[in-house]
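Below, in structure tokens: the form predicted alone, a single chain.
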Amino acid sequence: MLFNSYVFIFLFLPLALAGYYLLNYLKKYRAAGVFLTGMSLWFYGYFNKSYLFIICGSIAANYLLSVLINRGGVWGKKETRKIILVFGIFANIAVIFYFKYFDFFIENVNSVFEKTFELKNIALPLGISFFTFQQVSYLVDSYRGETKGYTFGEYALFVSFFPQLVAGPIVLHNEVIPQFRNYNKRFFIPENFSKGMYIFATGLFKKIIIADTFGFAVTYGFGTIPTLSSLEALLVSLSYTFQLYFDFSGYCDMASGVGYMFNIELLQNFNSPYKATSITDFWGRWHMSLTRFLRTYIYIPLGGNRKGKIRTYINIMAVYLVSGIWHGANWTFILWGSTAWFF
């Protein structure tokens, strides 16, 4: 379901808000959480019901793994907890690889070795990279002993909360679950709701009026590349740049706005990246939740800049490579990830 669709604005969102606040008003707090989780799953499975098996299976499996990690200390072996963590991380990576990269891998095998392996034409589930990374961070935090006491219902709502489900931001458990546990945030707050409406409207304007308008020029330009003049090619390139930015920025604003309507403050994901004065500054402003994830759960565990200059460069290269692969199954992303660190 799209934030800018009529069914979301005029049906889904009013129902979600009304049901959630009504149940909380009646002090049915657990039922309100279950209701919001159910609405989030409806949001996710709106276009393809089969997606629900994927996300529900992922939520159940990762929560079970986190419980086993937390109870690993009972068995008296830190190594056992680490084995479960490593298994969980690789299992999540395997799921992403299958849905996002399997056909890409087969295409390249066929091309290099002149084979004719049949492609599976696997449909990519919406937001799988986002909610998978989110759950990987949860497993790591479970290993660190930071997730004890969360119920399955709280975990399911944390992962599936629909404003951030499809395109982020990649939030952490200690940012969202405590907000849902705060009963003062369970009731309608006019100030938050009006703020959320304003931010949502701003994001909707960015998406519909700005991004989609530039999108017309991009569609025309990409469809007539051989006939474009130099000036036209430049304009199409700039149009694509602004379409990409305002589309993603608009979505993040809409996600943040909907979050405020539920009295939930989501992590800011963009901070005017085109105002950046350096590449480092740019990546500190663009897709900030992904940058934080890569820094916290990949760069620092690899050693960061604490193990010498050569190791620092290797760690930076690894982070950019993961970022490139994460963005899409295409050699352009992989090459970008392999070389972007240099610039």
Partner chain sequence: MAKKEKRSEALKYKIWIINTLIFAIIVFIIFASITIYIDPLFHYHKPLNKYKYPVNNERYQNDGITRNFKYESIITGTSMTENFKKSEADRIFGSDFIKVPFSGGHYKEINENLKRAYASDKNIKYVIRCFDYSLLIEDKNTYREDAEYPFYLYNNNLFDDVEYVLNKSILFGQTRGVIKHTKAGLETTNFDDYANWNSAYNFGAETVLSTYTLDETVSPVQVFSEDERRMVLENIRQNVTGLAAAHPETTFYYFFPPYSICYWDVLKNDGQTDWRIDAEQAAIEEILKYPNIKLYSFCNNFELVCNLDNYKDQAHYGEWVNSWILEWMHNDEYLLTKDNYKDYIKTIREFYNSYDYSSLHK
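Just so it is clear, the model here is predicted, and its values are computed rather than measured. Positions refer to the first chain, counted from 1.
A second form of this protein, the form predicted in complex with the partner chain, is not displayed here; the remarks below concern that form.
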item: Partner proximity in the model of the complex: S272 to the partner chain, non-hydrogen atom cutoff 4.5 Å; value: no
item: Residue contact check: M197 to the partner chain in the model of the complex, 4.5 Å heavy atom; value: yes
item: Contact flag, F105 vs the partner chain in the model of the complex, heavy atom cut 4.5 Å; value: no
item: The partner chain contact at E191 in the model of the complex, heavy atom, 4.5 Å; value: yes
item: Options 197-205, 235-243, 250-258, 86-94; stretch whose heavy atom lies within 4.5 Å of the partner chain in the model of the complex; value: 197-205
item: Contact assignment for the partner chain in the model of the complex, among V109, L228, L124, I209, heavy atom within 4.5 Å; value: I209
item: Contacts with the partner chain in the model of the complex, stretch 1-36 (heavy atom within 4.5 Å); value: Y6, F10
